[in-house]
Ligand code: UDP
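The data below hold one chain only, encoded as structure tokens and taken in the form predicted on its own.
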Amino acid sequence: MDEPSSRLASILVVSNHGRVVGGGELSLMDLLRGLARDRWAPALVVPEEGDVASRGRELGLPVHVVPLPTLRRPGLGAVRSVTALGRLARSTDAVLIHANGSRAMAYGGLAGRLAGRPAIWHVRIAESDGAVDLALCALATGVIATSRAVARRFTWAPRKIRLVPNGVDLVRFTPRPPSGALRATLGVPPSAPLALSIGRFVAEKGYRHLLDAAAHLERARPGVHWILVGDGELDGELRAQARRLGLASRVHFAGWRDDIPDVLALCDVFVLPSESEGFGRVLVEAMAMAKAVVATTVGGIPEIVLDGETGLLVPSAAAVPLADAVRALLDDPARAARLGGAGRARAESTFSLGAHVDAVERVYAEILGAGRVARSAQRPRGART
């Protein structure tokens, strides 16, 4: 397994999902795009065909489909998948396995043991999974945590944790003039104040409280429009709530979109009302676009948004403080512009994609270096090296 320096190091990257369900998959694809191709040769494993596989192929990566059955009732399918991953690690001569998420780590970690390869667990969620965390951390050679909030999930295993914040492409996400045509397409009047939120329509994203905040703001400052970019299990419920609150003409459900920088360029303020958030990649995207943000004080968010410096932080599940913070920025465009400018500077200094990729590559090198040292120590004296 010792790789000559002239050879590319093959990395088997295992995705939890075959479709893009959130920032975790987008960050993974950014990482794969950014890895130095004169040093690393990543191969992507997905549990089924979908957007992740398509994007991987667009990057010119070899893509392998290996089902990853649910961990609740794994059965014989799990054994077949672990065996297939182990065989794939050997056939691709992978030097390590990089698992993006818990299910990917369960299979990738066991396959790593089977094939004698180290495994890295990339963790993006702050909430503990109890005994599962203990088992997966034991399988992992190293654990990448995207924030200190995520790292606190593993206080009992500090030596395995490497803090690597997500990064975004600062060229793609760069300030630009808003498109009047896009604004019209989304149904927003030309001069209306505009707030924007992006994320999955699931309970932990806090959209119910955002709509309550929108209703409160409409009573205090009529005419503000809201664009919600995303989709998910609560889509129908949130649309019904907007109608019930009399906001049908104010809240625009835009679905999932690929033109996120252009949509961000439209807004006066970006809002993330999460009740739980391991990192909050979309906040970095908004900051990179020089947008002032309003977000909640949960998880890794305070590590990204500096309250009063790059945005405003409010308690989670609290509609009135959320509405008041949005109104404060809409009523003071100069302040919003200052916060947005500071946000762009913070994105450049702390959350660039280049810095993220460099940090992950350092983890790879560290894990592989430690593995070589360990294997060398196990050789009998006089053995050829």
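The numbering used is simple: start at 1 and walk along the sequence shown. Small disclaimer: the values here were computed from a predicted structure and weren't measured.
The same protein also has a form predicted in complex with this ligand, omitted here; what follows describes it.
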With a 4.5 Å heavy atom cut-off to this ligand in the predicted bound form, the contacting stretch among 98-106, 287-295, 272-280, 215-223 is 272-280
Heavy atom within 4.5 Å of this ligand in the predicted bound form - the one residue of R148, R257, R176, R239 that qualifies
R257
Contact assignment for this ligand in the predicted bound form, among V82, V123, I198, V305, heavy atom within 4.5 Å
I198
4.5 Å heavy atom contact with this ligand in the predicted bound form for all of V13, R117 and G142:
no
Looking in the predicted bound form, any heavy atom of L247 within 4.5 Å of this ligand?
no
So in the predicted bound form, is this ligand close enough to A336 to count as touching (4.5 Å, heavy atoms)?
no
Can you work out whether P193 and this ligand are in contact in the predicted bound form, taking contact to mean some heavy atom pair no more than 4.5 Å apart?
no
Counting only non-hydrogen atoms and a 4.5 angstroms cut-off, does G18 reach this ligand in the predicted bound form?
no
Going through 13-38, which residues have a heavy atom within 4.5 Å of this ligand in the predicted bound form? Please give them in sequence order.
G22, G23, G24, L26
